[in-house]
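First, one chain by itself: the form predicted on its own, in C-alpha cells.
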Amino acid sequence: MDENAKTFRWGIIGCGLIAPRLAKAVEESGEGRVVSAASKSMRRARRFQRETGVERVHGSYEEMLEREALDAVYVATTHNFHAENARLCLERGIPVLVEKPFTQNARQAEAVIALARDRRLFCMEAMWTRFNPASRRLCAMLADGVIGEIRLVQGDFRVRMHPLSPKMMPWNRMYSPRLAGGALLDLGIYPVAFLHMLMGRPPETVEGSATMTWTGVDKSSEYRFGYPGGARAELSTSFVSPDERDMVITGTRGSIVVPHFYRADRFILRRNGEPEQTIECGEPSFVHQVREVHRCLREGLGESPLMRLDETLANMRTLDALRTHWGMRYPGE
C-alpha cells in the first residue's frame, strides 16, 4: 500500500462526551477510521458504539491495546488518568494523542514525554485549537509584525454551568479533586496554551487567585503573567460565570480581537490610523488536528512542530505554578 494513501486505524480510551467528536473527525478526515474503543464501563462503551458505529468495544483498556492492530490511540479519560493511560499505549509501541490538559501536573508530563522519546513514538497533546485556520493565520500575521510588538494580552474562558444541573452535582468531575477537577485544568488550559502560542514562550512571572468550591477545587480563577521587556497578560476562567470567551491582543501598532478564541473562524484587526478589518479564516474543526497527527505518522515524526512536547510541558508547569499560588493540590501530589 502507498503509505501516503494509508487508512490509519484508531483506538479510543475513554468513551465520554468528547470522544465522539474525535471519532467523527477521524472519519471526516478521509484518512482514517476508529476501529475500536474501550471504557471501564461496558454500558458506556456500548452507548458510544451505538452513537458512532465503531466496530468493536472493550471493557478493558489493556484488552483493546493487546487485541487490536492500531496506528494511534486517543486518550479521552478524565485528567487524573491521562498519564497512566498514555503510558499504557506507549509501553505497547502505540502512538498517542492525549486530550488536554496533557496530564494532571508537570511531573506526570515529564514522565510521559520521556517515555515517548525513549521509545521514539509519536505523542501529542490534543490542543485542537492550535491547528484551526484562524490560529495558523493569526500566528503568521503576528510573526510579520502586523500590530508590532505585543504588549498586553487579555482573555477569558468563562462558561456558566448551572450549579443545580444534574450534570454539575458535587460528584461530577468538575467538582472532584480525585478526578483533577476545577476550572483551571478543564478550561484554563485553553487561554494558557493560546497565550503561549501568541508569545512563543512561557511567562517569566506567574501569579493567580481563585474562588474555590466546597470540595476544594477552583470554580473561578484569574491569572497574571509577565514577560521580559514588560509585556503582560491577564486571563481568567470560570464554570459559574456568564459566557466570555474572547481574546484581545494589544501591540505597539494596533490590536487584534479574537472572538471565541478557542474555536475562532475570524478575527478583527485594528491597526493604528487604519480602518478596522475582519479577517475571515475558515471553519474550526477537530479534523485539522487529526490530519496533523496523520501527517506526523506518515513522516515518522515523534511530535508535531505545531504543538511541541516542550511547549506542552511548559504549559503544565504554568498550571502547576498557578495552583501553587492558591494552594490547590490533588490527592497523591
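All of these numbers come straight from a predicted model, not from anything done at the bench. Throughout, we count residues from 1 along the sequence that is shown.
The following text describes the form predicted in complex with a small molecule, which does not appear among the structures shown.
* Flag this candidate site as yes only if 22, 36 and 73 all have a heavy atom within 4.5 Å of the small molecule in the model of the complex; otherwise mark no. => No, because 22, 36 and 73 lack any heavy atom that approaches the small molecule to within 4.5 Å in the model of the complex.
* Using heavy atoms only and a 4.5 Å cut-off, determine which of 193, 179, 233, 134 is in contact with the small molecule in the model of the complex. => Contact with the small molecule in the model of the complex is made by 179 alone.
* **One residue of 79, 245, 130, 219 in contact with the small molecule, assessed in the model of the complex (non-hydrogen atom, 4.5 angstroms)** => Of the candidates 79, 245, 130, 219, 79 is the one lying within 4.5 Å of the small molecule in the model of the complex.
* Answer range among 145 to 153, 99 to 107, 86 to 94, 204 to 212 for contact with the small molecule, defined in the model of the complex as heavy atoms within 4.5 Å -> Selected stretch: 99 to 107.
* Indicate whether the small molecule has at least one heavy atom within 4.5 Å of a heavy atom of residue 322 in the model of the complex. => No, residue 322 is distant from the partner.
* To do: Using the partner position in the model of the complex, report whether residue 18 sits within 4.5 Å of the small molecule, counting heavy atoms only.
  => Result yes; residue 18 sits at the interface with the small molecule in the model of the complex.
* **Touches the small molecule in the model of the complex: residue 40 (any heavy atom, 4.5 Å)** => Residue-level check for residue 40: yes, a contact with the small molecule.
* Close approach of residue 56 to the small molecule in the model of the complex, 4.5 Å, heavy atom -> Residue-level check for residue 56: no, no contact with the small molecule.
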